[in-house]
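In structure tokens, the next block holds one chain alone, the form predicted alone.
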């Protein structure tokens, strides 16, 4: 019996996190026949906040109110940083485009402007970020105005304590209070899970019952803060309906992962990719990649019955670092798992980590990744591009510590745009 034919495409994106999905969307918008393949575990832990830059230099723990001024300082201090190699206007354009696409698919974002926003977290701290989902914006406005807000938690929902949030946040937001209510139709004494709660609230009956349960909490409050459970597929609709029923602003607070915000972001991205005509092969890893004499690539996934293989004219590698599986740490080295590309990392294992686990500068291993050229092509052993049609995007790129810098989403989206720009020229 002959083997099934390979799936042909112009662009294959390996990796289905924020960087991979953004790259696939950008490529399809450029008119390329695009396939995205990868496991989707990492994005399920996402907060849905679109960070740009919060902290730089790391050792000084300097927080930036204006992330664009922070990027200018970053470019001067670290010209090899991925974000330093992209024009600020191009970064803004890329993130705005993705935010608009997600908004058209049900996950709306507020305007970023030139300021970072400070979002209340489930730990009672305030996280700086740039683009904020519309369901969370009322909390930022209420805090800025010093308005009285009541934080509401639900019996049975672990990792989210209204009283704990209020105690931790009150020094910087004095007009806070707490309440705990029963979630509609929850089993007495049972445990609640954010994603299930969010999907339940996509029904009108559940929203009506929740509004009734929350009605006593309105007393003396100018806004209500809830865990981020206001829907998965239609958060804007759920948010709008509950605000209308209660007659005052509501704002979501991101929960500890896994929550509802990750599945919400994943579903919005998948709808955007479907609308752009991207073929999605999700839940599969690429286990073998081969460069062809034609200048393209042949990719093989772990389940050939599910996907016989992909033949692409060009590839964007967006597999992430260690959590995403793009990099693997061995006893004395770090390995790139698809193409076997050279990885930049401290050769002496004793220098992978600093003595202080909480060192504000971070650990050198946090900056491990693929060296790349100005077109975002990974470099080979001799310092030349590994392949003229192979590009990389996202956290797999060397020279950045996105967690401590607070630039994860911005890095993913902006470098995805840059990689597609480079590949467009290579395929011309």
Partner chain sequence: METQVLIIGGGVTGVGLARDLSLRGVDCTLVERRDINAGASGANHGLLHSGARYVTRDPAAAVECRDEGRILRRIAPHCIEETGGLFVAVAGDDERYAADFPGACRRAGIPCRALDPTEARALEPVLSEKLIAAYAVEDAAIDPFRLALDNLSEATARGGRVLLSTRVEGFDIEGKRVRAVRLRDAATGERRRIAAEVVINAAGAWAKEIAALAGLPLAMTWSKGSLLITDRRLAGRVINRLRPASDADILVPGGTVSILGTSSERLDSLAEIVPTVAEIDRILEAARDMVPALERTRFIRAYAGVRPLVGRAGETGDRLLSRGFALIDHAEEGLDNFLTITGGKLTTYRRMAEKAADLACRKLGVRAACRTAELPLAPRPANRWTEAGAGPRSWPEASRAPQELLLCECEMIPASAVVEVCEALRLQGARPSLYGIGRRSRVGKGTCQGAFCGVRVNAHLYDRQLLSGREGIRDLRDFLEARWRGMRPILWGTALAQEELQEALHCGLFGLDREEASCPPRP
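Since we're looking at a predicted model, the values are computed, not measured. Numbering follows the first chain given and starts at 1.
What comes next is about the form predicted in complex with the partner chain, which is not displayed.
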{"property": "Contact flag, residue 124 vs the partner chain in the predicted complex, heavy atom cut 4.5 Å", "result": "yes"}
{"property": "Any non-hydrogen atom of residue 218 within 4.5 angstroms of the partner chain in the predicted complex", "result": "no"}
{"property": "Residue contact check: residue 61 to the partner chain in the predicted complex, 4.5 Å heavy atom", "result": "yes"}
{"property": "4.5 Å heavy atom contact, residue 291 to the partner chain in the predicted complex", "result": "no"}
{"property": "Interface stretch in the predicted complex with the partner chain - options 101 to 109, 231 to 239, 276 to 284, 326 to 334, non-hydrogen atom within 4.5 Å", "result": "326 to 334"}
{"property": "Contact at 57, 96 and 424 by the partner chain in the predicted complex, all three, heavy atom at most 4.5 Å", "result": "no"}
{"property": "Contact residue in the predicted complex, from 303, 114, 203, 172 (heavy atom within 4.5 Å of the partner chain)", "result": "172"}
{"property": "Contact assignment for the partner chain in the predicted complex, among 156, 346, 88, 308, heavy atom within 4.5 Å", "result": "156"}
{"property": "Sequence-ordered list of residues in 342 to 380 near the partner chain in the predicted complex, where near means a heavy atom within 4.5 Å", "result": "349, 350, 352, 353, 354, 355, 356, 357, 358, 363, 365, 366"}
